[in-house]
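Next up is one chain by itself, shown in structure tokens, the form predicted alone.
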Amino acid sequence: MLERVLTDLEARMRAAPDRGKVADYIPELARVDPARFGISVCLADGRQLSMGDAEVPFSIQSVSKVFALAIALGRFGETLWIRVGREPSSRAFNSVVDLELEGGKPRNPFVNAGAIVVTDAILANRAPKETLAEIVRFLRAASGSDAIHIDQAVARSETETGHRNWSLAHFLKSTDNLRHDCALTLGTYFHQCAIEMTCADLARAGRFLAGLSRDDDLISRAHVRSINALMMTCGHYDGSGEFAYRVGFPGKSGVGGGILAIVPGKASIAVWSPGLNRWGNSMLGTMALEELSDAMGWSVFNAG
């Protein structure tokens, strides 16, 4: 049944007249073909089903925040929440308003300010190369793919144009919530966001969050629960409530058009369509996950 659902889904997404708008404020992402669409699903029985452009690499951008958070929780545990909150935001992912209202403590680890703090935490006075190597190793171990790498052109593009993130970093520094120099933390953060993966790799990398991975050493069950909860409530920024209502399971988006979605105990899903909606989340990716959820009955809010 799932294979038929995915085949039909991919055909409908290919034919969709409105595909959203690519993230043209990052020059390298502005060049991505908006007609791309890929989806890959890893199941509890070990199968993986993929359709469309599932083997085409793309910039995962803020989806990387999930894996950086996993590393930070593994290292610092509950003390991480001293520096970053766990509440949803009603404002855009790069807004400085909540940060100012909260006195320099980001609302959650998935808005940009929160992710910058998480990156700053895992730097822990190490060289950026070491920290980035740790994140890439984590992803390679979770996905079983050694092909995962950082796209240097995208990292350079973000460094040159990420003025809002520079302002967030300087505000965090002014409130003593950034331990390292702004350039050091942001350089690491920009390269983290520039990690390139395929849908197939990303779906496999998310298996530990769905309880499907055979490798239980990646992260504790308690931290898996925490990450899934935050993905549900905060993973799509100020569009998180809409995503939860329409799709009904945890997900984390990136402005590269990717979404990692988790159906606990059942599936790890990666979808990619570069065009974004008004919240900065993949338009067709969200639509595809809603249709998949409805067809398979995967919403965690289903009764019975």
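One-based numbering along the sequence shown. Since the model is a prediction, treat every value here as computed from it, not as a measurement.
From this point on, the text means the form predicted in complex with a small molecule, which you will not see here.
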4.5 Å heavy atom contact with the small molecule in the predicted complex for all of S40, I269 and W272 = no
Assert contact_stretch over 238-246, 22-30, 261-269, 48-56 against the small molecule in the predicted complex, heavy atom within 4.5 Å, equals 22-30
Exercise: N112 in contact with the small molecule in the predicted complex, heavy atom 4.5 Å = yes
Is D201 close enough to touch the small molecule in the predicted complex, meaning at least one heavy atom pair within 4.5 Å?
-> no
How about F208: is it within 4.5 Å of the small molecule in the predicted complex, going by heavy atoms?
-> no
Can you check whether E158 is within 4.5 Å of the small molecule in the predicted complex, heavy atom basis?
-> yes
